[in-house]
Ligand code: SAH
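Listed next as structure tokens is one chain, alone, in the form predicted alone.
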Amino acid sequence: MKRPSKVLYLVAILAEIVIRAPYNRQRKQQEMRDQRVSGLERGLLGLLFGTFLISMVYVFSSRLDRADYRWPEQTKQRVGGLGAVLMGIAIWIFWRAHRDLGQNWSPTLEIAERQTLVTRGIYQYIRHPMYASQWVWSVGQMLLLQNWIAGPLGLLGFVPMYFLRVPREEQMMLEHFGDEYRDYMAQTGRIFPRLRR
């Protein structure tokens, strides 16, 4: 299962790069009204990138192989299959979030000059589908890259980002969109849909 899982992981990364590329080009052409990229934000992005690089060491070499999960082969295959399904779900959520956001997307805490509040599509149900995608991705990575170092790295890099960045992001949205965003928060879940709306 090891080699196919590494290939699937690379395909998933490539899919996210392809999905994001046109939105990144659009974003670079926009004027920003508010940018809140702090040293903390840069540090969190650096941590995320560092964990990604270590995962790449696992994918392209045998240096971390001693930390592979020691499970029976059948268990590895089932768990790896579940990991592949979760990665597919993560990519779909990632794609859908970008599609629904359109030119409103940004990788950092910033508001574009012509930014609007998006409440349609997947954003009709959850406020932060890209973070939801990353949660699903991180669990999928643990199951797909069956290694005690490379597997959990997705969570290690993402969890601090999520808990430190999301409150700042929501505060920025409240400052810019006011009651409209407050009402939107009351109707949607952060990363899971609300059961009752």
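Given the structure is predicted, the values throughout are model-derived calculations rather than measurements. The numbering used is simple: start at 1 and walk along the sequence shown.
Note that the form predicted together with the ligand isn't included here; everything after this is about it.
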Per-stretch contact check against the ligand in the model of the complex, the hit in 149-157, 57-65, 43-51, 126-134 (non-hydrogen atom, 4.5 angstroms): 126-134
Exercise: residue 184 in contact with the ligand in the model of the complex, heavy atom 4.5 Å: yes
4.5 angstroms heavy atom contact with the ligand in the model of the complex for residue 101: yes
Partner contact for residue 74 in the model of the complex: the ligand, 4.5 angstroms, heavy atom: no
Interface membership of residue 84, the ligand in the model of the complex, 4.5 Å heavy atom rule: no
Residues in 101-131 with any heavy atom within 4.5 Å of the ligand in the model of the complex: 101, 104, 105, 106, 108, 109, 110, 111, 115, 116, 117, 118, 123, 127, 128, 129, 130, 131
